[in-house]
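A single chain, nothing else alongside it, follows as structure tokens in the form predicted on its own.
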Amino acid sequence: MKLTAEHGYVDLPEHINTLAAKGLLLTVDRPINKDTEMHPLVRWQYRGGIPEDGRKAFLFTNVTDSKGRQYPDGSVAIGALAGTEEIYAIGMNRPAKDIGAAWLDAIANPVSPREVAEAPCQEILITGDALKGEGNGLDALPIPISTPGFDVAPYLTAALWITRDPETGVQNLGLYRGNLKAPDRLAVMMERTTLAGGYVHWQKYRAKGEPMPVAVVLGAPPIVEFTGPQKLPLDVDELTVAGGLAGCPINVVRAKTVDLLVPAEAQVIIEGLIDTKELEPEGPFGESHGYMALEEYNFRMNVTAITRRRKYIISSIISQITPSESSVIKKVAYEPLYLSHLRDTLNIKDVSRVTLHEPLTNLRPFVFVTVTHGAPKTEIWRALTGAASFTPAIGKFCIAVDEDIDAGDTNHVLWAMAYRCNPIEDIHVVPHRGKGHGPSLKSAQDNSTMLVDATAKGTLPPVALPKREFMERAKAIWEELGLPKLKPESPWFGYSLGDWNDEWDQCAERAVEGDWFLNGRRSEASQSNSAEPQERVDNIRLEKES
């Protein structure tokens, strides 16, 4: 049965076929152990020096486990959602440059889902005793171990958890980690410190003394999957935003054992109830902040049904140390939302870009705010405080830089901090920040935020590289000589930052024309018996003129 909306969105298998057609898929048909080999294999493309444009999505069609079991009806896709920005853009069905605007438009113009009576995700129904015992229920699904050697069990990493507010009836869809415990039991971490929608709903069900119905979606259509990690208001149903992204309603079907609507084109649905009386130890698990999340008490889900397609694909996300699929899926969406918040909501028009640092830090701690040159000091500090306060989990270090600084290159940011920031004047530390997403600092109950103004406080001398025309001529010669292909890294030519004058330009022109001795005559005429060593010549001249 094909329910995919015409010209709207595709399901996961169709998306994978598109990746294959574009040369972005590696299909692995040989046996791969999901417990020991699968995630380490894909992880190498993030830790093996392979540039982003060389990374692929992986599809494993011959999955085994450490007990030698096989999963003939199920395959596993890793990196198929956001292995690279290009893969993410294909799932969004639009060029990467249009993704930010698409999110803002979808949030402003949601489209309600369309309920259908039958759905591919319910071709097979598993309930009752069929959920129990080794090899059944959850144990029959090829769920990988993400961090072999540290994780305590297979984990759901790309699962969308659907809950409903018992007061308003609005559904929430969140991306949370799920710890397999038994064929009919899971543990899930719905983050308290960032007020995850599922956690807020759990509090309300606990107050009512009732278990919380939940449906876990595996292998959702990409356009739906991408809404899970997005930071949307608690009263917004993510399925309506997915409809806004698709430009049409998302097909949904009523779950079999809980009163929730689930994406009809999903691959697998796990239904059940989350206990609101008792918690269960969950973890350790290798988290996206780059450290092991240690064992802690979290929510326990009792499975009441599993529905699935006859042939299905489980999607699993590469997370842990960034860059990773987990960070790409957030970065592409978060940055335009932050820019819109600062420029449109807070009306700070001098902000031109917001960059979340990705390698090793997983986007959250470091926020780089790019402002136009000469922006008023008050606007720079408004931008820094606005970035730090937008969401509780992001912005431990917020740094403002000028537009000539490439905020996507951390070396550039450090360059700006080194020469454009006076720590005693340009750094402000704000106390009482939440712990956020990461291992707790044992020395403090809460955290803090550092705001840094690393913008130029006036003019600076030119960047000390040959001017553009000389670098371009040299590049042409490089290519004529057949030397290795160049990938220019900014800055690759010198440019003025204001502290320069026409006379020095004329001297530089004479030098490249071979008339440098004329500059010697010029300087000889300006000898001084009153200047101090390292005193600027133009300052002495100004004093004489005045």
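Just count from 1 along the sequence shown to find any residue number. Worth saying up front: this structure is predicted, and the values here are computed from it rather than measured.
The next section is about a form of this same protein that is not shown, the form predicted together with a small molecule.
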Q) in the model of the complex, which of 269-277, 323-331, 143-151, 101-109 comes within 4.5 Å of the small molecule (heavy atoms)? A) 323-331
Q: Select from the listed residues N179, T240, T355, N172 the one whose heavy atoms reach within 4.5 Å of the small molecule in the model of the complex.
A: N172
Q. Using a 4.5 Å cut on heavy atoms, which of P466, P249, G408, P229 is close to the small molecule in the model of the complex?
A. P229
Q: Examine T157 and determine whether its closest non-hydrogen atom to the small molecule in the model of the complex is within 4.5 angstroms.
A: yes
Q) Should P263 be classed as touching the small molecule in the model of the complex when contacts are defined as heavy atoms within 4.5 Å? A) no
Q: Answer yes if any heavy atom of I317 is within 4.5 Å of a heavy atom of the small molecule in the model of the complex; otherwise answer no.
A: yes
Q: May I ask you to check whether G198 falls inside a 4.5 Å heavy atom distance of the small molecule in the model of the complex?
A: yes
